[in-house]
Structures are given as structure tokens and as C-alpha cells.
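Below, in C-alpha cells: the form predicted alone, a single chain.
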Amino acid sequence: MIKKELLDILACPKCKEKVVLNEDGSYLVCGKCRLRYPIEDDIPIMLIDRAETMK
């Protein structure tokens, strides 16, 4: 699980807006870009080419 302190400073690499943790804690979500970034082994993968577009 990502610590709140880390979540508070993370931003979307594409638009620089704040990201939020999804319900099950497996993605960080940018509402502005409609992208979600995976979290693997408790490490957020904040790479635009690894992001998934949300419907």
C-alpha cells in the first residue's frame, strides 16, 4: 500500500495534476487525463507509456 505522504506528492507526468489511488489500490488515477498508472510491488509506475486509458 502506498503511504499517504507519497500519494500527497505524486502527480500525473502528463498534465502534472494530482493523482488518486483507485478503490483496490492497484492503480493511481489522473481524472484530468483519464489515465491510470499501475502499482507493482507497492511501487507506482509513473511512465506515460505504461499508463492505461480509462473509459
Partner chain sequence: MLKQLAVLVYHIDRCFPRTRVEGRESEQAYSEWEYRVGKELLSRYAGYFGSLDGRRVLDIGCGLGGKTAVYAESGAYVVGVDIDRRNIIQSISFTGARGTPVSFTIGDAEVLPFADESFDLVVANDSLEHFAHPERALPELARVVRPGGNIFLFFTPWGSPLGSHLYDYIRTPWCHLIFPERLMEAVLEVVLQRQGISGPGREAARLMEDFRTGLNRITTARYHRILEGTPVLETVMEDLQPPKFAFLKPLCRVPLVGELFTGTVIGILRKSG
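Residue numbers count along the first chain shown, from 1. Source: prediction; values computed, not measured.
Separately, the form predicted in complex with its partner chain exists; it is not shown, and the next lines address it.
> Is residue 31 close enough to touch its partner chain in the predicted bound form, meaning at least one heavy atom pair within 4.5 Å?
No, no contact at 4.5 Å.
> Taking any heavy atom pair closer than or equal to 4.5 Å as contact, tell me whether residue 11 reaches its partner chain in the predicted bound form.
The answer is yes: residue 11 has a heavy atom within 4.5 Å of its partner chain.
> Answer with yes or no whether residue 45 is in contact with its partner chain in the predicted bound form, where contact means some heavy atom within 4.5 Å.
Flag for residue 45 set to yes.
> Is residue 40 part of the interface with its partner chain in the predicted bound form - any heavy atom within 4.5 Å?
Answer yes; at least one heavy atom of residue 40 falls within 4.5 Å of its partner chain in the predicted bound form.
> Taking its partner chain in the predicted bound form, which residues of 16 to 34 have any heavy atom within 4.5 Å of it?
Heavy-atom contacts within 4.5 Å come from 16 alone.
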